[in-house]
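Starting off, we have a lone chain in the form predicted on its own, written out as structure tokens.
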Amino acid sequence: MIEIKNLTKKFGSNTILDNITFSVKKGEVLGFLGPNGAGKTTTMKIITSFWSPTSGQVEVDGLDARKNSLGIRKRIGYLPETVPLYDDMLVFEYLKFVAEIRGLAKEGIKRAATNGAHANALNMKQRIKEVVKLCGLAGVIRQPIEELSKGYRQRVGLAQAIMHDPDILILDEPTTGLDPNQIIEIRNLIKELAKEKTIILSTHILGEVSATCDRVIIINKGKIAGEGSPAELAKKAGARELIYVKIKGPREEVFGKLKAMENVVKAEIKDKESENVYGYEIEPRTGIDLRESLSMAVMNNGWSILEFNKKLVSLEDVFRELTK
């Protein structure tokens, strides 16, 4: 669906993208991650034909971005980081405006010759109704955009991106500035859209990527630093098991014993619950089960285990490892 080959973008002597290559399959949800200034937004603007590359090839649904930018824009719905809204419009007025500039009105005019003007007017009206329902905008449809909360503004932004029912969605930080409830609402909406669309999603909220994306690309300083599913990235980054244990006992004695245990690569004090109750994170040697020896060490010293769990390295850990 999207093919990027040897893509480079320079502004003067500053190289923003440095010869990157990747593809996105039809129906795939791709998480596009990276620190600020890594080149994520630049890549998205090139895919959507807002900017042209310095060199390299970009194809969207078989169309060359250099030769057919208008054709590509018809196939893509784009939500930039700064949502393109007109604050003085009512929500309905804005959605009607978007429908018209996206060609829905022209489609209606073409059909008028055979189906009648009334049927064609309903065509655009029906699509606006569908988008309003999908994006949860019914309650604010007659409100001025300037009065909307940040969450509803994002919903309106998504509505304009999907109005023409594109096969591809490019979403740049769709949950930026939202509270936790709003993030969950937008995330659920993206999951619903993902059932029928190919999506590239840029975000700094890594939990969002794990929840919604089939594959992840991590970009750093204009180069691809990692690519694969979250599990594959963890493996490539040297996935390791970590143990978190909360122990009641003298902190320095406990910490000293944990660090000195056989087959312990690293131990850290993570948090404090109360006096003499601390949480510790332990990295065992690969393939070693520390549970029994850890329990014996605690019992032999007269301490108590209050909490114990194991975890694999997280996507956040991989991100820090690949972009540090």
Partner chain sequence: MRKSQYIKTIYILFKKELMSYFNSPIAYIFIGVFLVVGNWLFFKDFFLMGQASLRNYLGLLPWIFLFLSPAITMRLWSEEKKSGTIEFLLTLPITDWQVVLAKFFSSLAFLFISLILSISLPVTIAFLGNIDIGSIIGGYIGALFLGGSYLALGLFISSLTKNQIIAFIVALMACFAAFIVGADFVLAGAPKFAVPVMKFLGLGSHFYNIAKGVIDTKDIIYYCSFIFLFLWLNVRVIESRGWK
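Positions refer to the first chain, counted from 1. Since the model is a prediction, treat every value here as computed from it, not as a measurement.
From this point on, the text means the form predicted in complex with its partner chain, which you will not see here.
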Notebook entry, point to check: For the chain shown here without its partner, which stretch in 74-82, 220-228, 134-142, 186-194 has non-hydrogen atoms within 4.5 angstroms of its partner chain in the model of the complex?
Noted result: 74-82
Check: Looking in the model of the complex, any heavy atom of R102 within 4.5 Å of its partner chain?
Finding: yes
Next item on the list: Could you confirm whether D88 comes within 4.5 Å of its partner chain in the model of the complex, counting heavy atoms only?
Entry: yes
Notebook entry, point to check: Does at least one non-hydrogen atom of F255 fall within 4.5 angstroms of its partner chain in the model of the complex?
Noted result: no
Notebook entry, point to check: Any of the heavy atoms of S49 lying within 4.5 Å of its partner chain in the model of the complex?
Noted result: yes
Checklist line | Of D214, E241, E173, E93, the one that lies within 4.5 Å of its partner chain in the model of the complex (heavy atoms) | finding: E93
